[in-house]
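Here we start with a single chain on its own, the form predicted on its own, put down as structure tokens.
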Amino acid sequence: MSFFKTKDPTIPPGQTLTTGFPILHVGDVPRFDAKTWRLTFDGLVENPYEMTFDELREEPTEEWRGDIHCVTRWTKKATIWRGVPFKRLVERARPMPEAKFVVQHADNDYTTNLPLDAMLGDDVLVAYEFDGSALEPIHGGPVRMLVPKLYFWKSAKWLKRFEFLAEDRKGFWEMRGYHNEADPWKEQRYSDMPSWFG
């Protein structure tokens, strides 16, 4: 794996290109059992539900191609992901009008938070393939979130649950001083002052 600095205007400020795929996560890589794994949608929704891994894979998929950015200052260009659009899955849950935020829950008690509106973009996937192959466990497989417009800690590895809330609730890294918004182009790396509403 190699890193190199660039003045490429297509990558966010302060980032260094990598030709590899660095491995960073909280806790150990969990074991996966397709028979017991569930993806849950609950909180402020009219139709809370859960789905199995096989049911997830039966959903129509979309491919996303583009660059991903880590708060630790690496950028990987031209990545290829496949998964189910989050907005399609959330339609079945039917969020209540007061549901404005979503917390992603994952193995190792990892959480991260986003406004619901930020999760409804066309590029936001519940992903299980990377570069044409099943997503490796070290990179969050079998299922992880993909929110590519933001620093990658906002894309939870080993995804298990979406909790819909009326008010924002900080996740694992946000409670430890990471910025609440995580926009790479604004270098929103570390901050105790969320500014979703200006």
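Start at 1 with the first residue shown and count on from there. Only a predicted model underlies this, so the values are computations on that prediction, with no experimental measurement involved.
Keep in mind that the form predicted together with a small molecule is missing from the display, and what follows is about it.
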> Is His139 close enough to touch the small molecule in the predicted complex, meaning at least one heavy atom pair within 4.5 Å?
Replying inline: yes
>> Can you work out whether His179 and the small molecule are in contact in the predicted complex, taking contact to mean some heavy atom pair no more than 4.5 Å apart?
In response: no
>> Ala106 versus the small molecule, in the predicted complex: is there a non-hydrogen atom within 4.5 Å?
In response: yes
> With a 4.5 Å heavy atom cut-off, would you call Ala156 a contact of the small molecule in the predicted complex?
Replying inline: yes
> Out of 163-171, 23-31, 58-66, 41-49, where are the residues with a heavy atom within 4.5 Å of the small molecule in the predicted complex?
Replying inline: 23-31
